[in-house]
Ligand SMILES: NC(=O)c1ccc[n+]([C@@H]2O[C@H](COP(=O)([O-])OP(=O)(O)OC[C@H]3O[C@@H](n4cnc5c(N)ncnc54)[C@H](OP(=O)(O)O)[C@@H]3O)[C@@H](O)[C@H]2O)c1
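Take a look at this single chain, the form predicted alone, given in structure tokens.
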Amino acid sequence: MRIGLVGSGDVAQSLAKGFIGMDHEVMIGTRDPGKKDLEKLKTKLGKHFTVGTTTEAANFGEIVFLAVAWHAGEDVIAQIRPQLAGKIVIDVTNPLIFNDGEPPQLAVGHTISGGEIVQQSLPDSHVVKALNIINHQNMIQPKYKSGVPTMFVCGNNKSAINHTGELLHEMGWEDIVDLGGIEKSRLLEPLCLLWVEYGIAKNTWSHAFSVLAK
């Protein structure tokens, strides 16, 4: 499968490494394709990994991941909207505001979510919110000694949810829970803040959520 990763930070680079290891073809799309860390990544990952612009990656991918900082999202989405028509877009972003020395806060919350804003901005695409509640290093093959982690997903198109679930299974996720429409992002994005607060309290950043049934 051809996978486009719009964004070039830690999340996109970790996903790229994982997907190349799963024998997919991957392109990272960025506003600065000449970045030194991406040149090193190209050398490491080989011929099935390429770097291009955001529009090139959006055009390349059969499935496209949106993995950009929230403050850059509006401009990036405007650039890539035509290339994403009819495609599944997996939104791993969180609408976070960062202030020096303080935990992040949500930019939007009760009446609308980041996932809904992304879907409204991409009306011809099938947006699925997923992977926004886990460290980028544990998105692929999330193995935990104490239990099986849960990944929640939501989106308006059932076929897109199913295809995303198949890819998540391939990535190593066993417990995948479909919460419903994209408006359920209003639950998942605050869950990211809980993940952060737990990390601060326990001084760990490798944790995950799990739902236990008796």
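Numbering starts at 1 and follows the sequence shown. Bear in mind the structure is a predicted one, so any value in this text is a computation, not a measurement.
There is also a form predicted in complex with the ligand; it is not shown, and the following applies to it.
Student: Hey, with the ligand in the model of the complex, do A67, V76 and N94 all fall inside the 4.5 Å heavy atom range?
Tutor: Yes: A67, V76 and N94 each sit within 4.5 Å of the ligand in the model of the complex.
Student: Although the ligand is absent from this view, report whether R81 comes within 4.5 Å of it in the model of the complex, heavy atoms only.
Tutor: Residue-level check for R81: no, no contact with the ligand.
Student: Applying a 4.5 Å heavy atom distance criterion, does H169 contact the ligand in the model of the complex?
Tutor: Residue-level check for H169: no, no contact with the ligand.
Student: Could you tell me if G7 has a non-hydrogen atom within 4.5 Å of the ligand in the model of the complex?
Tutor: Result yes; G7 sits at the interface with the ligand in the model of the complex.
Student: Is A16 one of the residues lying within 4.5 Å of the ligand in the model of the complex, judged by heavy atom distances?
Tutor: Judged by the heavy-atom cut-off of 4.5 Å, A16 is well away from the ligand in the model of the complex.
Student: Select from the listed residues T150, N59, T30, T50 the one whose heavy atoms reach within 4.5 Å of the ligand in the model of the complex.
Tutor: If I apply the 4.5 Å criterion carefully, the residue I get is T30.
Student: Counting only non-hydrogen atoms, which stretch in 140 to 148, 101 to 109, 116 to 124, 86 to 94 is within 4.5 Å of the ligand in the model of the complex?
Tutor: It is 86 to 94 that comes within 4.5 Å of the partner.
Student: For a quick check, can you give me the residues of 113 to 150 that have a heavy atom within 4.5 Å of the ligand in the model of the complex?
Tutor: Contacts from 113 to 150: L131, N132, I134, N135, H136, M139.
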